[in-house]
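Just one chain follows, in the form predicted on its own, and it is written as C-alpha cells.
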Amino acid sequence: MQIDLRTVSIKPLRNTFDHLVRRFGDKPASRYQEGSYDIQADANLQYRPTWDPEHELHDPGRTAIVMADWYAFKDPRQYYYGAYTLARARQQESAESSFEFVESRGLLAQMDEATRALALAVLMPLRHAAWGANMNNTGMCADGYGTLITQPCMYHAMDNLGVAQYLTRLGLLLGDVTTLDAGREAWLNDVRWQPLRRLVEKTLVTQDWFELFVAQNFVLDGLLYPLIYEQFVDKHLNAHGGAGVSMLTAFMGEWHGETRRWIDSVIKIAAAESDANKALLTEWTRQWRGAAVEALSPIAQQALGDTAADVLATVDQSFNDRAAKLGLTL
C-alpha cells in the first residue's frame, strides 16, 4: 500500500474578532490585541455604585484627564496575562538563584555591623511603602477606564507586592523577625519616616485615579527607586561590603527600568492628547514632586549622610529631565 502525504491549506473563516477588525482591519490579531483592546465593560451596567452615584461603575469621568480614545495607551512591553507571568517567572528564577548564591557563599557576612544596621534601617520600612503602592495601583485598576491602562496597573500592583516580599526575605537574612518589627516601628513612629508615611497615606485617599498614577508611579517611585536602589544600595552599600544586598535587590532596579518604559509612555500619550491634559499633568507633577523630595530628604540623610543633599539633588534633576522629555515643564 502506498501512502501519499500532502499539505492542505485550510483558510480560516475569520481572522479575528469583529471589534478588532473595526480597529485594526481584517487580519490576524496578536495575543496582546485580543487580550487588551476594546474589552472594557461600558454598557448594561445596571446600576450606579452607591458609594459614588455620580458615576457609572466604569466611567471615564472619574479623572480630569480627557482622552478621545482610552485605548491609546498601548503598553510598549505588550503585556497580557500570559506574557506578563512568563516574564516575571523568569525574573523569579533569577532572584531565587541570587538568594541561593548569596546564602551559600555567605556574602552578607562581609558586611560590618554598622553597615548591616544601616541597610536594615533604610530598607525595612520600605516594605510598607511598597504595600501602599500595591494598594494604589489596585485602586487605579478599579477606577480606571480602558483595559490598556487598567491591566498593567494590576500587574504593577502585584509587582509592588513582590518588592515587599523580597525586602521581607532580605530582612530575615540580615536579621530575624525582630528586624521586620523594627521596620514597622520606624514606619509608624520614627520622625525621619513620618513625611514619607504621610505622603503615602495622602496618595491612598487621592480620588482622581490618573492623578494617583502621576503621584505614585511617575513621581514617588521615579524618585525613590533611583535614590534607594541605585544610589544607596548599588553605590553606597557596595562600597562598604554590601554586594550581597545589591544582588538580593537586583529585581527592584531591573523592574523599575522596565516599568519606567510603560509609565513614560502613559504620561507622554496623555500629555500629547491636548494642552489641557499637558497643563494638568504638569501641575500634578510639580505638586507631588515637591512633596516627594521633601519626604525623601530625611531618609536620604539617614542613608547617605553628608552626601545626601547632593545625591538627592542629582536624582531630582534626572527626574526633571525625564519629565521634560515627556512634554512636561517643571
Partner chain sequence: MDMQASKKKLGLKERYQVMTRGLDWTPSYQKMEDIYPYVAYEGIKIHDWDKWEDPFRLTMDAYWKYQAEKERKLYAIIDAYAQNNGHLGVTDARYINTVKLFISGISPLEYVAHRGFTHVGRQFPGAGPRVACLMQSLDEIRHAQTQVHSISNYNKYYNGVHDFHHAHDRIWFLSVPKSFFDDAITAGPFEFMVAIGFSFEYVLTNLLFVPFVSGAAYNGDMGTMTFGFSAQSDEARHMTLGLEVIKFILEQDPDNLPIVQRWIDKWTWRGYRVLTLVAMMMDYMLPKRTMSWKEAWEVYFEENGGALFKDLARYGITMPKCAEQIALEKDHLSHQAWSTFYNYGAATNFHTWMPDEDEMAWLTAKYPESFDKHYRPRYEYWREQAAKGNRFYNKTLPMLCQTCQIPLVFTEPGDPTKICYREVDFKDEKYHFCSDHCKAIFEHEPEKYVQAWMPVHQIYQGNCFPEGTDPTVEGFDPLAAVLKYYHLEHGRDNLDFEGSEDQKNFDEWRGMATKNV
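Worth saying up front: this structure is predicted, and the values here are computed from it rather than measured. Residue numbers count along the first chain shown, from 1.
If you look for the form predicted in complex with the partner chain, you will not find it shown, but the lines that follow are about it.
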Exactly one stretch in 214-222, 256-264, 236-244, 147-155 has heavy atoms within 4.5 Å of the partner chain in the predicted complex; which is it? 147-155
Any of the heavy atoms of residue 77 lying within 4.5 Å of the partner chain in the predicted complex? no
4.5 angstroms heavy atom contact with the partner chain in the predicted complex for residue 202: yes
Even though the partner chain is not shown here, does residue 57 get within 4.5 Å of it in the predicted complex, heavy atoms only? yes
Proximity of residue 251 to the partner chain in the predicted complex, heavy atoms at 4.5 Å: yes
Would you kindly say which of 282, 40, 297, 274 lies with a heavy atom within 4.5 Å of the partner chain in the predicted complex? 40
Interface residues of 145-181 toward the partner chain, as seen in the predicted complex [heavy atoms, 4.5 Å]: 147, 150, 151, 154, 155, 158, 159, 161, 162, 164, 165, 166, 168, 169, 172, 173, 174, 175, 176, 177, 180
